[in-house]
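Just the one chain here, laid out as structure tokens, in the form predicted on its own.
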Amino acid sequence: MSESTAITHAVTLAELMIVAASEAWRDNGELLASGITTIPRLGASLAKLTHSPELLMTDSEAYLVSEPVPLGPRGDYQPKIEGYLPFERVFECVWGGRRHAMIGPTQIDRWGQTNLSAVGDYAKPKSAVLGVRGLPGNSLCHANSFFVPNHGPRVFVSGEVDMVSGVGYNPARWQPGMRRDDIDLRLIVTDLCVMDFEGPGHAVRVRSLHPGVSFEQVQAATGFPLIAAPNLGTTPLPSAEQLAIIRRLDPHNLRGSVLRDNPPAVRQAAERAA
């Protein structure tokens, strides 16, 4: 069995998504890369250790580090601290636009508006989530990408999100004279595909399909019409080097618990195995 064939059979969907997420930070320059939750954090870490060494990373506590800190129990590992980064300095990065965060909203609509607060009627919601947190300011001040581990119409809703926590491109929400040029939505990484907002009028486009997934499957799982990018292709599998980095950064395989059963990245292989 060749090395490439062995990699194809060994790669999990979580690992494919980590590599896809890392691309959100390519060519960002020297800014704070904030991956919120396991896969986005590993994606940001992979970006710094491969194609974007200029990114700023934290230990998720109070310090800047020169290399990403592994997830879970660290054993003898000591973070390589290179600077102090209290909340005050984080906010300076946020307000100055020197941050790119990847978050996991509860709902996303066709305009890129996000909901992290409540599902259903806000006066009497079906479920309460985290609250708006920092999304109103973050979505206005710096670049944002999204991570969705379960691509479906409950997340990608048919109309507007139930509660607008994060600002998007919906023209009905903007009054005449308001500046809209600060909105900077980049990628959406899901368990089916990678999408962006580069269609006409910032329409959501499918940028790449994960191996074994069709555009029709993605559209059926989305509550609003999608556009296929002109160069629509297949999401690349991790290289041997990328896999080694991911497994070093996540020695306890926390990534495997993010997706249900964490299936193989190449879905045809999973179907044949069944």
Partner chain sequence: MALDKTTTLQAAVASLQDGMTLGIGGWGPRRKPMALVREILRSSLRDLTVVSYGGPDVGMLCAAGRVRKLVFPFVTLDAIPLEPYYRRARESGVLEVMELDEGMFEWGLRAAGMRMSFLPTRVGLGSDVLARNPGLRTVTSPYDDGDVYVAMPALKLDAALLHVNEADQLGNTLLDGHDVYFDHLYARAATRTIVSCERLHAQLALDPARAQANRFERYLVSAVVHAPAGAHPTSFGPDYGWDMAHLKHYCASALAAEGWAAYRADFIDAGEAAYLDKCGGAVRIGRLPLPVF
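Just so it is clear, the structure is predicted and the values come from calculations on it, not from any experiment. Rigid core: the largest C-alpha set superposing within 1.5 Å between the two forms. Numbering follows the first chain given and starts at 1.
Unshown form predicted together with its partner chain; subsequent notes refer to it.
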*Within 4.5 Å of its partner chain in the model of the complex, heavy atoms considered, which of Gly72, Gly201, Gly97, Pro171?*
Gly72
_Give me the residue from Val155, Ile103, Met195, Met163 that has a heavy atom within 4.5 Å of its partner chain in the model of the complex._
Met163
*Any non-hydrogen atom of Glu30 within 4.5 angstroms of its partner chain in the model of the complex*: no
_Partner proximity in the model of the complex: Ser117 to its partner chain, non-hydrogen atom cutoff 4.5 Å_ = yes
*Taking heavy atoms only, is Lys126 within 4.5 angstroms of its partner chain in the model of the complex?*
yes
*Might Cys93 be said to contact its partner chain in the model of the complex, defining contact as any heavy atom within 4.5 Å?*
no
*Members of 46-61 lying within 4.5 angstroms of its partner chain, judged by heavy atom, in the model of the complex*: Asp59, Ser60, Glu61
*Verify the C-alpha shift of Pro200 between the shown form and the other one: is it 2 Å or more after superposing the core?*
no
*Once the two forms are fit on the core, has Pro73 moved its CA by at least 2 Å between the shown form and the other one?*
no
